Ligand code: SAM
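Before any questions on binding or motion, here is one chain by itself as structure tokens, the form predicted on its own.
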Amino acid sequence: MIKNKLKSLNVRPQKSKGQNFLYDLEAIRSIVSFGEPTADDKIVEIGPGLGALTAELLNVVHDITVIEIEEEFCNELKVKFGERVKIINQDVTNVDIPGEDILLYGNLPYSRSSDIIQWVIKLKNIKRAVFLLQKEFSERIAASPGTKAYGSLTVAVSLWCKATLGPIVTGDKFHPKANVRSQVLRLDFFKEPKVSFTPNFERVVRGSFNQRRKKLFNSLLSSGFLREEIEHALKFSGIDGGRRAETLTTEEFGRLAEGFAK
């Protein structure tokens, strides 16, 4: 059915755009339920495509805005849903999400996952986000300190929200069939950042992971920080410069960034 619909729209799925269309109803319902939507929620969906997830969300809520970059899909969504759905035809990272306490959903293209996640955590009006992502990427976001998957993006996300892993979706649930497994990731946003936020927090985290196999002191030094300020920040934070970045918690990165700020 999806294949025929795409053909009628003269659209050929492009791997470079991550256009794999989820069609399995059980998988779609598991994504919806994992986000625990209520009838009063205001939902924004990223990249609805042909509207399979949108249709299921409409069984729960009435206020849905979708953001879709492909004009052909926007036209199809308008025909399919009419006035029930507000459609924005833009690249999502160029959109100001309307409203407050928004519940965000999306089956994100793998090639844009990192960009979209970094855009989302900078928004101030999201209460929860539920995304279907490549399994390894979801695991990276939800990783614990001391694990191989733990990195700068993990820390950046953990500053603003709690990450929880959800259902796994196999590649045969998509058209075209995906070559990798996907996993639902739920992000519950804090009212305030998890630790005291300083403007240089992101730079400190990126610098710490600049050469992740190096000791923390050397990694920071190689990323452009001065020896004197590194020594001061480590002393202030009480962190051993001989540790590796992957062992530090979000709270420790917060103290380290505060040490550089002072």
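Every value quoted in this text rests on a predicted model; they were computed, and no experiment measured them. Each residue number is its position in the shown sequence, starting from 1.
Although not depicted, the form predicted in complex with the named molecule is the subject of the following passage.
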Touches the named molecule in the predicted complex: I67 (any heavy atom, 4.5 Å): yes
V155: touches the named molecule in the predicted complex, heavy atom cutoff 4.5 angstroms: no
Proximity of F137 to the named molecule in the predicted complex, heavy atoms at 4.5 Å: no
G47: touches the named molecule in the predicted complex, heavy atom cutoff 4.5 angstroms: yes
Partner-facing stretch of 190-198, 217-225, 48-56, 32-40, counted where any non-hydrogen atom is within 4.5 angstroms of the named molecule in the predicted complex: 48-56
Check all three, D91, L108 and R112, heavy atom within 4.5 Å of the named molecule in the predicted complex: yes
